[in-house]
Structures are given as C-alpha cells and as structure tokens.
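Listed next as structure tokens is one chain, alone, in the form predicted alone.
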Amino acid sequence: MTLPHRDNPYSFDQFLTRRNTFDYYRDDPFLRELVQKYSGDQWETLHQRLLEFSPRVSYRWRDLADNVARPEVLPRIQHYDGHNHRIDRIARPRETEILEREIFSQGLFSARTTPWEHFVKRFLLHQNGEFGVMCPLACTEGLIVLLKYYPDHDTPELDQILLHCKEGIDGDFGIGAQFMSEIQGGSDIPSNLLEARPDGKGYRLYGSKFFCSAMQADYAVVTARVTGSDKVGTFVAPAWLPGDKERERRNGYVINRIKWKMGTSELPTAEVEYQGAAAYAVGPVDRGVASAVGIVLTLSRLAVGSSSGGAMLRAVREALLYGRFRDVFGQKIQQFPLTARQLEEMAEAAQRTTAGAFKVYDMFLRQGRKLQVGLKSDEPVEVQKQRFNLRELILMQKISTAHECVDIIRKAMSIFGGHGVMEDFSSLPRLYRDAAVHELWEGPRNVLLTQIYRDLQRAARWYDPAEFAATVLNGAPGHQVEERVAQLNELLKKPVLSVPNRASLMAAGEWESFCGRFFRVYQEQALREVGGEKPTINESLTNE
C-alpha cells in the first residue's frame, strides 16, 4: 500500500524525457516508410536532408513554438508613435520573429528545394501547430503559384515580388498573405465590395477587408471589384512601398484592430481599411474569383490536409507515451481495454490521415503541380478528368481531415486526464485550438460540401460521376467501390441544395455523411498501399 508522504516524490521526468527527445522524422518508421515509398529515386538524398532538418523542428523550433503561445506575448498593435504618426506597428515576441526568419530562410519554395523535400519538411513543421508561421507559409505558396500561373504581364514589380518570395533577395525572403473575406460575405468572394480603381498601369484599393491573417506579411493577395465592373479581380498589394518599411509608413491602408481568436492566436489577424493602396492586377481582372479559389485557396486547402495529419501524429504519439508511463488504479493506462481500444483507433486515424495526405500530394505532383482555374479548360478531356479528381479530393480532404483532427486531439487530451487541458503541461491544448480554426479556414464545412456537389453536377456532362468515384477509389475493395458509386448516383438525384424542407434536410445529411465515408475509403486504400497498418505508431515507440 502507499503510505502518507508529506513531500510527494512523484515525477513526470520519465515521460518528459521520452517525449522531449523524440525526433519527428528519425524516430518515426511509419513516416520514413511513406517518404521512401513516394520519393522514389530521390529517397537517399531526401532522407539525409530530412535527418539534418528534423532535429531543428523536433527540439529548438518546438520549444520556441510553445514559448510564443503564452498569453502575455501574443501579438498586439500600436497605432501611433510618440509623435502622432499612424504606424500600426504589429508587436510580436522575439521568438516568433526568430522562427519566421529561420524557417523562411530554408528556401522551401526555392528551385533548389525538390517538391517532396518541400512537402515533408512542411509536414514536420505542422507537428508544432500553427505558431504564427505555418499560415504565412501557405499564403506565400499561394502568392508564388498565382504569379507563376500568369507570367505574361507588363509589371516589373510583380517579377520582383516573385523573386523575393521564391528565392529571396540578399538572404531576405518575402512573406505573403491573402485578404479576401469581407464582413458581408465571408467565404462569398463574389460579394466583395472592395474597390480597385485603375491608376496608370496599376490600381488603387479602397474599402475594407474583415479577416486578414499574417498582418506581418510583405505582400497580400487581395480580391477586389474594379471600378464600374460587376466582376472581382485578384491583385497583389505590397504592405510597404520601396523605402517605407523602415519609416513604418504603410502602403495606403490602416489596421483597425487585431482579432481575438480562439486558436492560431500567435498569428496576427486583423481588420484592414484600404485608403488608396497601390496594387497590381494578376491575371484577367474579370477572373479573380476563379484565380483566388482555383489557385490560392486550393493550395491552402491542400495544406490543411497535411496540417491535420501532422497534428494528429504528434497528439496520438504523446498520448501513447503517456499511456505507457502513467500508473492509475494499480496498472498502466494503456492496459485498460477501453483506453487501449481508443488509443488504437486514434493511431489508425492519424496514420490513415497521413497516408491520404501523401497520396493526394503525389497526385498533385504527377499532374505537374498545375492547378485548374475553373472546371473546364482547353486540355484533353482525360487530362481535365484527372484535374477534376484532384480538385474534389482536395476539397474532401480539407473537410474530412480538419473535422477529424479536432476529435482526435480532444481524445488524446482525455488520455492525460486533468493534465490534458493544462497549457504548460503539453502542447495539445494549443494544437486543439489551432485545429478548430483550421476547420473554418479556406471555406467552412458547409461551403465546401456545397461546392463538391455542384462540381459533380456541372461536370456530369463530360465526366460521369460513377466514373469519377470508381477512378478515385481505384484499388479499394470492390464492394466498397460499388457501394459508393451507387450512393453517389442516388444522392445526385436528391434535393441536397434545394429549399429547406424535410426531404432536403435528410438529403443534406446523407450528403455530408457520404463525403466523409467516401474520403475515408480513399484514406484506407492509401494506408494499405504503404503496407497496411505496419509499422504502427505504437510499434514506433517501443524502443524506449
């Protein structure tokens, strides 16, 4: 029996030592197996680069990410300096600036970084949550790809912006943001009212944006309506004009306030008022919605799938380690059948999500990393079908993984009992809050469910939905494929997007459930293709 002891000698050090010395890449055989499978001939070189990169993510950057989440150092704004000049200075902790500088200096978007190196390094970074850097990384990628998609222009400034963000200038790497949401529409970009007024070869922006993340960025992709037009265009607005950053004189806009968010709190998100900011059009000014959604938001949605997988892997890993360490009621937590079953299901979900993210990204690479603006193009129909498959999988992955990630991290926290919600005990509460925000970013669940349904209806003239389902789920057990094909054909006949009534509400519920089940079959097949559930997360932690 346990005798009374005034100075309780209990220690968590055994658990902390194992948790804090775990290398996200080196010590995870499942992740290494995925990288080897998909990187092919690049494996040996990539493996060495990841072995060098991973310790920074797993230790130094992990600890810095935890430090910047403290309430007393979260971003704040100073509107005026001591001489009554409007400066709207964003104050962030020094650790965030260090993280941002060190991570962007890795040149993740540079031509010298291979696609799989880029993807896996970002996947490892996602295990540390958002920490004020991962959103800017995603936004910068969207800006780079947007500028590369429309190379034919007469705007030298855009070429300089592309160089700054992609390769860096004198060791300094440009950071991108995306400002699309307005108070009246949110995800409804076509309802934008921000005005883009022609001014020589460029434009001037006037009006408000309501949800602007990464306010520390150098450039923002902004959607706006050209004066006298009913169409929305896509523009790039520098945060500062040349020589003005040092003087803290912003490019024709003010920051009204910083949002108080539940999660991603280290990331400054603000409300912005444009008062004549200089901006440059990217692509046709009447095709802004297609460019913004088809390129910029699609890439961010792709990143959410990777983010979910990374966060789940870490949360489940730490829950498993704690389950092996903690003694309650005379035995280890993991020895209770209810807990063991829950841990096993969580581990499967994390690996399934990760395998699915790798498979979707592999499809993206096999299509030349080319995204399609809109559903139709001049490419051969078979190529259009492949791009359609990728488009819908990215949407399904976003809604499915973001939703499941919240649930998995919540369950992982429950393994810790009361310690699960202690902010200074582990990173899980922070990862949980970040995951809840990711579920809303780049289009909330219902918006994307609607888009998938409409896409399938519109494409049905040249792409049979049954063919789509069978192609995407190729390799999965035959009965599962046949069942999903039949369900899809039936659902596309129902009033999913009709006016609210009993029939449409039931159909809407069936559609939401179907999309989740459909993508889960895809994930399960991705997991089988990498060797089933072996090696499991549980097995990867046996070398204690």
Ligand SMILES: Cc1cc2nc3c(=O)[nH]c(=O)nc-3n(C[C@H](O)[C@H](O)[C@H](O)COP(=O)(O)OP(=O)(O)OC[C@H]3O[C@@H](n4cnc5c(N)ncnc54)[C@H](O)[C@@H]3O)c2cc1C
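For every residue, the number given is its place in the sequence shown, counted from 1. Here the structure is a predicted model, which means the values were calculated and not measured.
This protein has a second form, the form predicted together with the named molecule, left out of what is shown; the following refers to that one.
Among residues of the shown chain, T353 is not one whose heavy atoms approach the named molecule to within 4.5 Å in the predicted bound form. When contacts are judged by a 4.5 Å heavy atom cut-off, G186 counts as touching the named molecule in the predicted bound form.
Q386 falls outside the set of residues with a heavy atom inside 4.5 Å of the named molecule in the predicted bound form. Although the partner is absent from this view, T269 contacts the named molecule in the predicted bound form, with a non-hydrogen atom inside 4.5 angstroms. From the list 260 to 268, 165 to 173, 282 to 290, 237 to 245, the contact stretch for the named molecule in the predicted bound form under a 4.5 Å heavy atom rule is 260 to 268. Of the candidates V447, I98, V254, V73, V447 is the one whose heavy atoms come within 4.5 Å of the named molecule in the predicted bound form; the others do not.
Taking a 4.5 Å heavy atom cutoff to the named molecule in the predicted bound form, the contact residue among F468, F211, Y206, Y453 is F211. Residues Q178, F179, M180, S181, G185, G186, S187 are the members of 170 to 187 with a non-hydrogen atom no more than 4.5 angstroms from the named molecule in the predicted bound form.
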